[in-house]
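First, one chain by itself in structure tokens, the form predicted alone.
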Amino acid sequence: MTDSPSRRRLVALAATLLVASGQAGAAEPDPIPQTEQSDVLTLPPPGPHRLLVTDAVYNHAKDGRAYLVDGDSARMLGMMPAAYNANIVADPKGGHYYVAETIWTRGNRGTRQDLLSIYDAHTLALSDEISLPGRALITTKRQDADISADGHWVYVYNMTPSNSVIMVDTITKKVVASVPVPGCGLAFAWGDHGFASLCANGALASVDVADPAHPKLVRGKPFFAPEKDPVFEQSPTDRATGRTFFISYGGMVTPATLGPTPTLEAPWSINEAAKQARAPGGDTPFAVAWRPGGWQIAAYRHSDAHLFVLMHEGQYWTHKADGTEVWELDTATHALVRRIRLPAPSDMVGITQDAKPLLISSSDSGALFLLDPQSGAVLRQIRKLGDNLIFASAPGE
């Protein structure tokens, strides 16, 4: 019999009918997808080069965030969300991260909520939220929020309805006090039960909260002239010892030891430490000199009492200009140890506290640089970590 087109069509139709009636071999069943397994990773124990870096993101279209970075591999280990212009502090005992933030129920409007959000340091999972009676929603600075040396108290600067510092008990998870600091701002934590604030007249206010129900505020005499040579609010401090270095726009360093009755020492000049003439002040605003500038302008290394300051060449009112160099200064001898040329202009500097420290800087493009503080060589970098990076902390701070 010939294999005509008509016969081939009949054979194909018969095969189709057999499959439809189940008389042909059964088709392979669809595979059953494997059930998804959900788990939560746990971070390895922190080393001395685990860095907490915040991204303030000064764009209202975005929220902020905080990154955990391994400085030895330049890898991001994890991320915590944060609202716009949030402030983040790390538990000195290593158990938690605290995020002071403000949100609205409808994004950019609705009911305002001020919160202290608590994240587990091992899983970065949100573990608790504490409602705050207010919060100063201002440009992100490290001293907008701080934490006591023992991790018991978180201090949140507030301006609702007037200047105050909110005290949060991290053990009971409750707000226990709102301490008025009229005419003063920010919170520089000292020891286990106190903080200081900078005042508009150039003085320092110190608050002892050993008895939270009855805080004791002591105001000192002005130590700088705000209208002539103000100090940076981001001056570095060691909360465990209270050792603080207030740095002025003109490059003057005033050492202080914070406490119930703080002590202030005679100021000295960064420029004179570098064998230069003292930087001209606000009375000659167009004079060019090396000056401190940036956002997070300095870092302090506890082990040798060395100060690392961002410096740039500019006129007097260039205190926000990025630093092109970091100057390492011995605060005991008031001497310049070295000048470190940065790979890119940076508005922040940080230093780790171990025997082989890393120097941290950033760039306008959002890069994070990890440098050798002796040679200035770039050891590692993350090319695009965030938009507005601020070094928050490393173990040992």
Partner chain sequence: MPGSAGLRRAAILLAATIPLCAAGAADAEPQPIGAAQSAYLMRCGGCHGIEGVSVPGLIPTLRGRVGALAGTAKGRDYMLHLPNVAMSRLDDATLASVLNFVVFGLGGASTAPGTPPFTAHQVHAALRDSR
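These numbers were taken from a predicted model, which means no experiment stands behind them. Positions refer to the first chain, counted from 1.
Same protein, other form: the form predicted together with the partner chain, not shown, and the subject of what follows.
Partner proximity in the predicted bound form, defined as non-hydrogen atoms within 4.5 angstroms of the partner chain, places exactly one of 91 to 99, 180 to 188, 236 to 244, 305 to 313 at the interface: 180 to 188. Only one of A125, M79, A200, A277 comes within 4.5 Å of the partner chain in the predicted bound form through a heavy atom, and that residue is A200. In the predicted bound form, the partner chain sits within 4.5 Å of a heavy atom of A225. Among heavy atoms of R219, some come within 4.5 Å of the partner chain in the predicted bound form. The partner chain in the predicted bound form comes within 4.5 Å of a heavy atom belonging to T160.
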